[in-house]
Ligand SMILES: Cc1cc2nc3c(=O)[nH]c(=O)nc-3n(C[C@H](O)[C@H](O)[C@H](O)COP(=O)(O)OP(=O)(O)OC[C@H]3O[C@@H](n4cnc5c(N)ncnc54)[C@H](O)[C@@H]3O)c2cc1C
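Before any questions on binding or motion, here is one chain by itself as structure tokens, the form predicted alone.
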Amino acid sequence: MTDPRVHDVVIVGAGPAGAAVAARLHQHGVRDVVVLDRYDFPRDKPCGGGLTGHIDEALAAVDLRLTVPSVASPAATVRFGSFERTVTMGRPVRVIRRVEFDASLVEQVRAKGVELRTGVVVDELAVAGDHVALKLGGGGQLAAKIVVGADGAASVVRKHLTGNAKALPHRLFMAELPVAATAAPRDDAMIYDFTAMADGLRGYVWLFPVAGDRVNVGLMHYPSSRRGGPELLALLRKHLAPYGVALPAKGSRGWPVWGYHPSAPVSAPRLVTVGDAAGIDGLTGEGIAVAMEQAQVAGDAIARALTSGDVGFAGYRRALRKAVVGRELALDRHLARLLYQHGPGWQRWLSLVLFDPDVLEMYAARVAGTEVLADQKARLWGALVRHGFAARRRRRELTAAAAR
């Protein structure tokens, strides 16, 4: 497929990030937009499926709606060994199935008149003087004044920006199972289990309720240490067993993702990245609400560039960083480096998270979207001061919880 036109914008990737950028551009009156995706929709996508509290505002801001079944989870249970604490959130997290959610967003964007071409693979791109040339699978070509990389962790746009630099990614695995596969009673609370950190995981195991009497299970591993897929799957099996969940031999999906870094390249002349291509939340692995919040910044920057003719996007990285989503991502990056560090130091920080009376409440409010954690510096410093006096006792409590 060769298109002789130079379009205003080509968006590579039709997931939540790409759909939200297209919808934002439509609000700005930008009509010459083409969205490409290598898959046809509906298509499966491995993901925990949690829509955190900012999602309502993020969807509304780009004139999209949640139209698919979801489970409203009003609470989260955090565990480590014998320790357990449940926190209530000011607004529930809604857990969706990505196969349904993404297809819904695609149809909503199509209904606005945005052109979507599925089953199209972008192999390469080259920035010329007045456009970006895209080489498509099968020998086709496409050109645009501006290209948006919303094509996930394996983004061809991200690779162009970074020179395909090699680094260890976050690793995630998930599976969706019928509730009958678990001996645990059905509960609409999400479970975040950090017990596997004692076995070398640098992250957590999750169990989320899903509509249709299903449960979404998985784990996230932070790249402070290298862990192979078979080892991570073994950890997932081991730490699901106490919940009566037997992970099937086949059906688990694994994928790499890159954590957000404030100084990582997210744009260049005529190029912008958003969503997983720009980096996920390094602490939680969250990507959906992050992508849709970033899409507003990206859409606004692109609309300005088309009007002004300044397509350098020199201020885009700073704009992302200064937005609420960027401030939260930057804070979570620092917290992840402490909590998921290689070596025994993680115990000091996990004991702070688990045993401080205020820390889990703060993070529950951040997940619910009722607080911007990056604005709670006084409370965070207060927690650190308290921890200075209680660290030894809390470390002993953590050791005791792991032993039981």
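The first residue of the sequence shown is number 1, and the count goes up from there. Note that the coordinates shown come from a computational prediction; the quantities given were computed from them, not determined experimentally.
Note that the form predicted in complex with this ligand isn't included here; everything after this is about it.
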Is there a heavy atom of F313 lying 4.5 Å or less from a heavy atom of this ligand in the predicted complex?
no
Whether D193 contacts this ligand in the predicted complex should be assessed with a 4.5 Å heavy atom distance threshold; does it?
no
Determine whether any heavy atom of V272 comes within 4.5 Å of a heavy atom of this ligand in the predicted complex, and answer yes or no.
no
Just to confirm, A22 within 4.5 Å of this ligand in the predicted complex by heavy atoms?
no
Just one of G203, G299, G287, G282 has a heavy atom within 4.5 angstroms of this ligand in the predicted complex, so which one?
G287
Residue among G345, P42, P69, P46 with a heavy atom within 4.5 Å of this ligand in the predicted complex
P46
Could you tell me which of 75 to 83, 193 to 201, 143 to 151, 262 to 270 sits within 4.5 Å of this ligand in the predicted complex, going by non-hydrogen atoms?
143 to 151
Between 120 to 144 and this ligand in the predicted complex, list the residues on our side with a heavy atom within 4.5 Å.
V120, V121, V122
